[in-house]
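Shown next as structure tokens: one chain only, the form predicted alone.
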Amino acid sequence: MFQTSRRAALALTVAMLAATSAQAQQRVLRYYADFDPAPLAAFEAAIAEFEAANPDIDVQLQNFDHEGYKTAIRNFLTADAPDLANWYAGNRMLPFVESGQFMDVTDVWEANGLNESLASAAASMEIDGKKWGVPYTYYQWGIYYNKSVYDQVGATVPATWDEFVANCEKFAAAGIDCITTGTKALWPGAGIFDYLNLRTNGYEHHMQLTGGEIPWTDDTVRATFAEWAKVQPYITANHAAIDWQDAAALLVQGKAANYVMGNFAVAVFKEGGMTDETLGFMPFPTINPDVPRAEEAPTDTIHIPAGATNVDDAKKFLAFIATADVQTKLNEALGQLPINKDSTVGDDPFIKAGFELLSTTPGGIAQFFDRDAPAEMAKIGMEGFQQFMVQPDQLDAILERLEQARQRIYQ
């Protein structure tokens, strides 16, 4: 009996030593993020899958609230950098790239074929010919429209801006707003500006404008506002006094025909009573046929801080997050769109339409005005957009004010 007990104790000791040794051999991968509850659960599942495939890696996720993270990232990138950090694509990552706080991960893209599989978001991840992170989710913007109202006035879904403007005249004759929006919070108007500029001047111009490289008084910018002026009389008159949800109600009620908005609004439209039979989605129409089609799709990303200590495993994690299967699972939980073109999406018609739209975008992916421009410039710009929709005759004064802000903010 004593001999048996000794053998059992010895076996237990050996097992504990083996477990301790295995734990000691595990490499820690520190990951800082700012997930809401649903994305957090989805990422915890993805991390568990990664750790199962890589038992020698222990991913330690520290989650912050959104507002706290904006401050925290500026501190921890300097003082105590993790191995992975969440952020955003485009000009939002530019300051961290320029300050040398994000690591060049071009090799991850090249080694894993990401320039092909993540092609739609490649331009928004590139600065100075190098890639600075990996995107894992985005969602489309575009025009949501009331099919019943289109039928009512005999309008067809337009492919060009001229056709869209012609439809506006039909809606106006029937007492229906051609475009609705609610700019009380300013940002919805930026979606209209972004698309008008992307369709008039293209993605590179838009990035240069939001990056402070093009004067707001430039003729190219005036050309964008000239296109906006064509539909300004047909926009919901009291938009500056209402929120975006109030404008959504106008579309639901058939008092408005079109709404330039992100896919997150679909839930609000359907809560109001719209169905797949009455709610439609279209890409923003072509203005300049010589400009490659670019889209608006705010993109969430993961980066390797320059101060990371476990770079090899961090790159392995980025490659894992970029795979089609992982992006499919993540975005099923998020209710958004995978960026990997080989991922799959569910049967929701708006998710499917968005996936097709963004996966085939030849001209680049913009992030939205208040992500692509610095915060102060974004606020002044969006105030100008709102004013233009109310007082189009004040365009010169608006553009002069934006130009003065550009010269001061981008010094």
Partner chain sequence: MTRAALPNARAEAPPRSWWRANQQRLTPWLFLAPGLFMFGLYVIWPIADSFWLSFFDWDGLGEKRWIGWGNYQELRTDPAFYTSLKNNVIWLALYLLAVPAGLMIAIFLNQTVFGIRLYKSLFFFPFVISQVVVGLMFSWFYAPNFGLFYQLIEWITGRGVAVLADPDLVTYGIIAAGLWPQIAYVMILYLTGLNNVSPDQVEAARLDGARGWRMLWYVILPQLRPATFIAVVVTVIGALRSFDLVSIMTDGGPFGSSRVLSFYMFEQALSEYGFRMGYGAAIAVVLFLIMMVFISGFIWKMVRDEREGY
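Rigid core here is just the name for the largest C-alpha set that superposes within 1.5 Å across the two forms. Residue numbers count along the first chain shown, from 1. This structure is a prediction, so every number in the text was calculated from the model and none was measured.
Beyond what is shown, the protein has a form predicted in complex with the partner chain; the following relates to that form.
Heavy atoms within 4.5 Å of the partner chain in the predicted bound form map, among the stretches 372-380, 338-346, 49-57, 35-43, onto 372-380 alone. Within this chain, residue 130 is remote from the site of the partner chain in the predicted bound form, having no heavy atom within 4.5 Å.
Although the partner is absent here, residue 111 sits far enough away that none of its heavy atoms falls within 4.5 Å of the partner chain in the predicted bound form. When the partner chain is considered in the predicted bound form, residue 165 lies well away from it, no heavy atom lying within 4.5 Å. Interface residue remark: residue 241 is counted as part of the site for the partner chain in the predicted bound form, having a heavy atom within 4.5 Å. Out of the listed residues 101, 86, 91, 278, 101 is the one that sits within 4.5 Å of the partner chain in the predicted bound form by at least one heavy atom.
With respect to the partner chain in the predicted bound form, the three residues 70, 390 and 401 uniformly fall within 4.5 angstroms at the level of their nearest heavy atom. Once both forms are fitted on their rigid core, the CA atom of residue 205 lies less than 2 Å apart between the shown form and the other one.
With the core held fixed, the Cα of residue 178 is displaced between the shown form and the other one by less than 2 Å. The distance between the CA atoms of residue 68 and residue 187 is at least 3 Å shorter in the predicted bound form than in the form shown here. With a change of no less than 3 Å, the CA-CA distance between residue 100 and residue 363 is larger in the predicted bound form than in the form shown.
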